[in-house]
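To begin, one chain is listed below as structure tokens, in the form predicted on its own.
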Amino acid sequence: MIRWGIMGTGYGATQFALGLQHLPQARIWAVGSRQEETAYRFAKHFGAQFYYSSYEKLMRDPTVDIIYIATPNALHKAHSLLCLEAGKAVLCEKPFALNAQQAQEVVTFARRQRLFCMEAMWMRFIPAIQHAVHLIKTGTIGQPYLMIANLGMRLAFNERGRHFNPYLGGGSLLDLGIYPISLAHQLWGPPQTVSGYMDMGTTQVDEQSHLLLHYPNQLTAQLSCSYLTHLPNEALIMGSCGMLRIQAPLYRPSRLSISHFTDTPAPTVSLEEDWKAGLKKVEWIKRMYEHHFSPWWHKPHTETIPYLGNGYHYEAQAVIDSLQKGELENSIMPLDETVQTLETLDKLRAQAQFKYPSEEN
């Protein structure tokens, strides 16, 4: 039995607790909040044994095996380090930290303490994402050349809410953009070059961002995130012989569509050829018509790969498996890749000359 401590009682903590209910070998053991009443209500609702009025008290509970950190983005580094220092394994909600340097500090300390640590990028563990990654890496669509992925939803502006508050690590890039960026890293690793731009709002966090990642072998990823408008929230990966579509919502899909391109070459005709003679070539006209007016891909084949519950238990199960094997990190979400993903975000933010207040010190 793995006894989970949950740090925070907001939306993420609630969703994770709901997911844990699908795992008989997991127990919501304790919860910590800045307010005792909030911790009490959360513990009562989910059947936790203990509730604490501070995060520090939760960390010091000797009966807790691992802590799921669901506090604001700007606190992830500090809370991860405190948990590790207290001898607790850590599953920290994405983004793992505000930047790659902070993430590396946590990773280095976790390895020094020889404690399990992982970023809670739950999308990676959803069955449809796992299957999509397998299809691409085994050549189902041939050599990949282009990925177009996005995640965006129009949010009501609230300058005090975590989404728009720079002191809490707000902004669409860390909140939403990290999903398609993480997927690109999962498939192909760090890009050779990063370019793009960020649309800054009145509270000085990005309300919309766009990235262009370049890889070897003529591979490009075009990625977008937004608080200003609803985006398709899907991913298209185009290869030399086909296209794979991860249908919305990208963070928790259940359907994939696969199309294979036709192998009919484009018809050609010599410019020197007499046009009357060309008209007599009915077969050539037929081929020209088929090439320009018929789809260049075969009818998509759609696969449904359902998930159970709200999908959060898949990452929790992966963590439990790693803990039971004595692993210090998980191969699907390795720590070095977490750092590399944040390095990609850092490069875009550097181009936009954007720093969070806590990074200025």
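Only a predicted model underlies this, so the values are computations on that prediction, with no experimental measurement involved. Note that residue numbering begins at 1 and tracks the sequence as displayed.
What comes next is about the form predicted together with a small molecule, which does not appear here.
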Would T220, F261 and T302 all count as contacting the small molecule in the predicted bound form, using a 4.5 Å heavy atom cut-off? no
Within 4.5 angstroms, counting heavy atoms, which one of the listed stretches 211 to 219, 133 to 141, 94 to 102, 192 to 200 is next to the small molecule in the predicted bound form? 94 to 102
Distance check, A78 to the small molecule in the predicted bound form, heavy atom within 4.5 Å: no
Indicate whether R34 is a 4.5 Å heavy atom neighbour of the small molecule in the predicted bound form. yes
Give a yes or no for A316: in the predicted bound form, does one of its heavy atoms lie within 4.5 Å of a heavy atom belonging to the small molecule? no
Please determine whether F125 contacts the small molecule in the predicted bound form, using a 4.5 Å cut-off between heavy atoms. no
Considering the small molecule in the predicted bound form, which of G239, P232, P166, P72 comes within 4.5 Å of it through any heavy atom? P72
